[in-house]
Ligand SMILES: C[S@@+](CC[C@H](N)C(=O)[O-])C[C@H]1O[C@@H](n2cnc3c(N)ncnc32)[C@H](O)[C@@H]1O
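In the block that follows, a single chain appears as structure tokens, in the form predicted on its own.
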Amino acid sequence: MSGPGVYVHFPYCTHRCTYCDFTLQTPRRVPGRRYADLVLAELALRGPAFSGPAASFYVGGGTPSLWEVAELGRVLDGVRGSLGLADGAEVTVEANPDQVDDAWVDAVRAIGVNRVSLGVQALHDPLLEALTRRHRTSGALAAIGRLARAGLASWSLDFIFGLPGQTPASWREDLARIVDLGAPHLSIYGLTVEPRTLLARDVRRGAVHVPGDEAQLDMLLTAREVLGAAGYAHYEISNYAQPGHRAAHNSSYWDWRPYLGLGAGAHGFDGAARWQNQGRVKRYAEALAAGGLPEAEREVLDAETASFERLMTGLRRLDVGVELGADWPRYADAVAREAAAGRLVVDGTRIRLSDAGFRVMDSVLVALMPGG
């Protein structure tokens, strides 16, 4: 894939879950058409700086399944007309189970969506309630059934472990249920208690207790064991795939390829600089109305920063790791020490985490960091 990925952030939800610190808003009515107009205005400004055709298109959020499909289709058509969309490009939309009925699935397929990422998170109602998710297990299973029958090129399910009330034993039972669902791709995340969330407040008060680091590591390793035995390749820290179903768009991040980020709160990277857009839709819209890029931050990466970030994201790829190439001399001594300790596997100038290194990835990165 030589073209960039395109990421569109949809910043609207019906409510904010207790653990969420994403850029989002919860209006009574989602201004879908107005927001599509804004994204297309940004595309007109940014598109000429990127060489197409786009290798992938991904709509995340927020809850993109709340966006009227016709408006989403306008944005996708805008990308087709601006950058172009490569033959066989992966076109993904994130969805919550509550919106995934047969009509929605048929509508997104009709505009060219060929992959859906469904935010299930848990398969027990008490765990979903602890996260303040609006859907329940029965609704998630119904949505999964629809995706399985839809004829999509691929589809993915998101789950979180380390939830309040969850134990390593109950997680192992959940993994057996997850395997039975037959999803071609799974994203499995450990719960992070972000500082400015309602969950963090409840944890500080002692009202909610979450599994500790040791229990979370146990759950992570159990997922690796159970899903590997079921035929899933653990190809990235949080991602598992059946053959032929690795996420193309997310791979652009891990492989340090440019991606065009559009929308309020979106991040983007053009190969030399990265940016984050204004998170509030009002400020995002004001910047576009003034004819400027709606950025809150922009950073031009120096050679050392770019080199380390490429290494850091590349090591998330557990299957192939990262090719250091001309950067080899910068890391050679530290790589030799980590390889001798059994934490890195070295093949020429390509490195990847060993099983032991996977368990302590943060420590490996600190050891590889310039001056570390």
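The shown structure was predicted, so the numbers you read here are calculated from the model rather than taken from an experiment. Quick note: we count residues from 1 along the sequence shown, nothing fancier.
There is another form of this protein, the form predicted together with this ligand, and it is not shown here; the text below is about that form.
**Triplet E94, L191 and E194 all within 4.5 Å of this ligand in the predicted complex via a heavy atom** = Looking in the predicted complex, the three residues E94, L191 and E194 all sit within 4.5 Å of this ligand (heavy atoms).
_Within 4.5 Å, heavy atoms only, one stretch in 38-46, 56-64, 333-341, 305-313 touches this ligand in the predicted complex. Which?_
Heavy atoms within 4.5 Å of this ligand in the predicted complex occur in 56-64.
Checklist line | in the predicted complex, R133 touching this ligand (heavy atom, 4.5 Å) | finding: Taking the distances in the predicted complex, the answer for R133 is yes, it comes within 4.5 Å of this ligand.
message: If we define contact as a non-hydrogen atom of the residue within 4.5 angstroms of the partner, is I160 a contact of this ligand in the predicted complex?
response: It does: once this ligand is placed as it appears in the predicted complex, I160 has a heavy atom within 4.5 Å of it.
- Is N277 a contact residue for this ligand in the predicted complex, using a 4.5 Å heavy atom cut-off? Answer no; every heavy atom of N277 is more than 4.5 Å from this ligand in the predicted complex.
Spell out, yes or no, whether the shortest heavy atom distance between G265 and this ligand in the predicted complex is within 4.5 Å. No, G265 is distant from the partner.
- Query: From the list S252, Q166, S156, Q121, which entry has a heavy atom within 4.5 Å of this ligand in the predicted complex?
  - Reply: Comparing distances to this ligand in the predicted complex, the residue within 4.5 Å is Q121.
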